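Only one chain comes next, encoded as structure tokens, the form predicted alone.
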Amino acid sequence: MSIINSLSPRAVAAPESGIVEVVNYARGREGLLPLWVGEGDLPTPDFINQAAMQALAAGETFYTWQRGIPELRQALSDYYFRHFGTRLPPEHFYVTGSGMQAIQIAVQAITSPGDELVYLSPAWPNIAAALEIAGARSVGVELQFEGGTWSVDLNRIEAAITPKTRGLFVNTPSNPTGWTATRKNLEDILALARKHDLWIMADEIYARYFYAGGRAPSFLDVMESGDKIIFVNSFSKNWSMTGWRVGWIVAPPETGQVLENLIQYSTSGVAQFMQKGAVAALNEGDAFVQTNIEKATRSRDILCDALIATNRVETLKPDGALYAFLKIDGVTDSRKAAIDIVDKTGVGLAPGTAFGPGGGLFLRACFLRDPGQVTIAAERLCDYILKL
């Protein structure tokens, strides 16, 4: 038996990320404009770094609270009151080692091997992979695409529910499509979950990136006490902290010991000095987040206006999140196209094949970058598209 064949079949079956494949192909090239991954071009701001460094210098390097330091859980409670208008006590919040770990823990809490979880597709590929690695089955329900916009069909979701279904994963605003649920969409999805006694795993990481102003509708706006909803989130996008790997869960306090145990048996908690940086992000970072939102708005308009003007790209400006999801005339293999585009233009895009059912004909571009860089990227892409 080979070494690979002696490993867990679930581990061996875990797919290579289609996004990372393209990144690894072209990483480090001179003149590259990397729009392939979901992060901006600014490093973490100094006020966050300083808080972490001061805690590190003060010796805050020991084991700490598995659920998160009290100061951070309080800061999360205050943040939700400011931006979501709801007062959730600190007992609702659990600090994780990234938004990805928040998803893994939520998957472990909700599903058992053989269970199913329905998600809206195209979707960030990690949710489906996390389910499959855990022994559950991911069931993608395609959003509808028409006239450059995306919409959800509740009947499709209900048709995918079986006796094995344990929950629904809903990411809004959506990575990669930019689809953003209306309050009515959320009410309907929640009613469906109640009808079938399902959990909702709500990924609202992009809630602040909502281009109609304010923030996007949230399940917090429509839920009631007793609803089975777990929110997963991350510090990555709002505060330019992708490399920190710090996230959080919002969940009913009754689940607290279960979630603490799952954290204990995975990472045993997030480093305290990193949590102190996260406290500074929440308490002092509203102006920085607003700067990121304004940059994303300008760059979204630059990129989408240029691409739409070619009359060769089927898309509209997304309502939320950080991505233009592009359907280019003549592109039938987005993985091959992503390689060709980076070779010929120096612009890195993510192939839609990485995002599951419904994504194969698309390419994703993250526009949370300096508008000047996005202008250059748009010019290169338009030149490439018009030569197809």
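For every residue, the number given is its place in the sequence shown, counted from 1. In this text the structure is predicted, and so the values were computed from the model without any measurement.
Missing here is the form predicted in complex with a small molecule; even so, the following discussion is about that form.
Of the candidate stretches 205-213, 149-157, 222-230, 263-271, only 205-213 contains residues with a heavy atom within 4.5 Å of the small molecule in the model of the complex. When you look in the model of the complex, the only residue of N292, Q108, T180, S234 with a non-hydrogen atom within 4.5 Å of the small molecule is S234. S98 is the sole member of Q104, S218, S77, S98 with a non-hydrogen atom lying within 4.5 angstroms of the small molecule in the model of the complex. Taking the partner from elsewhere, S138 is found to have every heavy atom lying beyond 4.5 Å of the small molecule in the model of the complex. Residue contact check for N175: one or more of its heavy atoms lie within 4.5 Å of the small molecule in the model of the complex. A residue is said to contact a partner when one of its heavy atoms sits within 4.5 Å of a partner heavy atom; R73 fails this definition for the small molecule in the model of the complex, lying far away.
The small molecule is not drawn, but in the model of the complex it has no heavy atom within 4.5 Å of H92. Contact check for T44, R298 and F367: none of the three has a heavy atom within 4.5 Å of the small molecule in the model of the complex.
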